[in-house]
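First comes one chain, alone, set out as structure tokens in the form predicted on its own.
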């Protein structure tokens, strides 16, 4: 066993342990921190596969942005853990069945003849001046430009839906109407009143 394979097994074991702790941790903050650990180890595996750009994006986007936001929301919300645990064991048979089906599917896919060492040998060493980021960008904007645009459209729709779902009208809050502000006239803002002079 060479050093690269040894490092892969170490990172894979850490990632499996972190993933198990994400779903078994009682504290949601601890679960989120274990998910950060899983993302970091997944980035290390990407580095072993010579995909530096994907590893950096995984760490920066998921760990640096998504997980920080998730931790902020979890710590700001007053989560009632006792109420969340109610009825947990009633979902155990369904969850166990789905987990067994996922394991069987992964075993069938990875154990077949399409994903073995013979079908997918180790790629040759990269030439001098090879850029993983440039090659990924070339493939995204040439061969996979339509799926890339479709994914961006789906993300845009998801963003609009998220804003629409969180847009609520609350009582007792004053709202500004930009169209009324633009269409208002001087006479509507300033009113001159004639008052008699008063003397002490």
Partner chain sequence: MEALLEPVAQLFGPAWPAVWTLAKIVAIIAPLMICVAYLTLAERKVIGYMQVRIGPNRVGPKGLLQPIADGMKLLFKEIIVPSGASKGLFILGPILAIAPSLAAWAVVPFGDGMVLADVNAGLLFLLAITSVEVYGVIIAGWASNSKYPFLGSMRAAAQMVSYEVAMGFALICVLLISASLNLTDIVRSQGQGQFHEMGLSFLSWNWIPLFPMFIVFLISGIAETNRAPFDVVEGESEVVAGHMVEYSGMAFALFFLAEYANMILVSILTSVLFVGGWLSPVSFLPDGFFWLALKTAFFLFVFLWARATFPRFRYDHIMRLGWKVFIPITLVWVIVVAVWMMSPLSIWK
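Predicted model only: the values in this text are computed from it and were never measured. Numbering follows the first chain given and starts at 1.
One more form of this protein, predicted together with the partner chain, exists but is not displayed; see below.
Student: Would you say all of 41, 49 and 125 touch the partner chain in the model of the complex, counting a heavy atom within 4.5 Å as a touch?
Tutor: Checking in the model of the complex: none of 41, 49 and 125 is within 4.5 Å of the partner chain.
Student: Mark residue 92 yes when one of its heavy atoms lies within 4.5 Å of a heavy atom of the partner chain in the model of the complex, and no otherwise.
Tutor: No - in the model of the complex, heavy atoms of residue 92 and the partner chain never come within 4.5 Å of each other.
Student: Could you confirm whether residue 33 comes within 4.5 Å of the partner chain in the model of the complex, counting heavy atoms only?
Tutor: Taking the distances in the model of the complex, the answer for residue 33 is yes, it comes within 4.5 Å of the partner chain.
Student: Heavy atom to heavy atom, is residue 134 within 4.5 Å of the partner chain in the model of the complex?
Tutor: Answer yes; at least one heavy atom of residue 134 falls within 4.5 Å of the partner chain in the model of the complex.
Student: Using 4.5 Å between non-hydrogen atoms, is residue 76 touching the partner chain in the model of the complex?
Tutor: Contact with the partner chain, yes.
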